[in-house]
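This document starts with one chain, in the form predicted alone, laid out as structure tokens.
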Amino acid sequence: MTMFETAKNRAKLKSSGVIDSRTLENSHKRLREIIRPGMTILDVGCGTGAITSGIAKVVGVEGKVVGMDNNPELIAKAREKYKDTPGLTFLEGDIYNLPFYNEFDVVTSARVLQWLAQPQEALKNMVKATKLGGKVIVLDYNHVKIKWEPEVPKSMKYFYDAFLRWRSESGMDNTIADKLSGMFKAVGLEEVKITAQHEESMRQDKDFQTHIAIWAGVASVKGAQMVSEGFIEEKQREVAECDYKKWIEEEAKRQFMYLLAAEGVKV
């Protein structure tokens, strides 16, 4: 299996509470500031359409929104849930082979390039789909800069380090957020701007449990893949998940995830 195929296999995602709870306003804030009624928008890697549906509401009936994802199950859920939203279409498709040329005012992807072995090739396709004078905007993490207070249990720290190695071994860039500016300039985008969109969750926040529990889900789902591929033993995975859940209940106070939005204009 090639690195490209390995990354694609490891990136496979199912619907989750975190993904389905995301909104345009709380999960892609810079995009919300940019878009206006009547615009045409392509959302690549749209998942179940949680953010995409919010985009459609903003651009309104005079606009056009296309959500695209390579996961047929997620696209099916998006189509069913948002079938009555005017101007919104969901398509199954690949970010490396977008069937559009100079078509959209804004082309965006949120938390997607981090899962790719060839993110710059994907970015080139996003630029191709954008109109002259239009914008490309990408939102993504630097996973190395995550912070927990207090520190997570040693078992979870071991798992997280293995998770980063598992990603890196397939060509995924764990620090991609800090590479976006250079990538945008390399593909010819101009007026490149970086906006901090860091996700900070505090224990007193009403959605704290939802956000911080994401890593228990990763230990369960992605952890199973890591076990099958020899990156961690099942007992280590199991202990990490159990210890982390107990840490959430008894100790967790804060989680900080480093997240940047990059935008650039096609000329």
Ligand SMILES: C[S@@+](CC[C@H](N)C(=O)[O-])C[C@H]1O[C@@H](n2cnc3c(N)ncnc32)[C@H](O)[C@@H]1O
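Nothing here was measured: the structure is a model prediction, and the numbers come from that model. Counting begins at 1, following the sequence as shown.
The form predicted in complex with the ligand is left out here; the points below concern that form.
With the partner omitted here, the stretch from 128-136, 106-114, 145-153, 168-176 that lies within 4.5 Å of the ligand by heavy atoms in the predicted complex is 106-114.
Interface membership of C46, defined by any non-hydrogen atom within 4.5 Å of the ligand in the predicted complex, is confirmed. Remark: S181 does not count among the residues lining the ligand in the predicted complex, judged by a heavy atom distance of 4.5 Å or less. Although the partner is absent here, I51 lies within 4.5 Å of the ligand in the predicted complex, judged by heavy atoms.
Mapping the unseen interface onto this chain, G87 falls outside it, with no heavy atom inside 4.5 Å of the ligand in the predicted complex. The partner is absent here, but in the predicted complex a heavy atom of D94, alone among E121, D94, E191, E80, sits within 4.5 Å of the ligand.
Residue-level contacts in the predicted complex: of L24, M257, I19, I248, one residue has a heavy atom within 4.5 Å of the ligand, and it is I19. In the predicted complex, I51, D69, N70, N71, L74 are the residues of 50-86 with at least one heavy atom within 4.5 Å of the ligand, listed from first to last.
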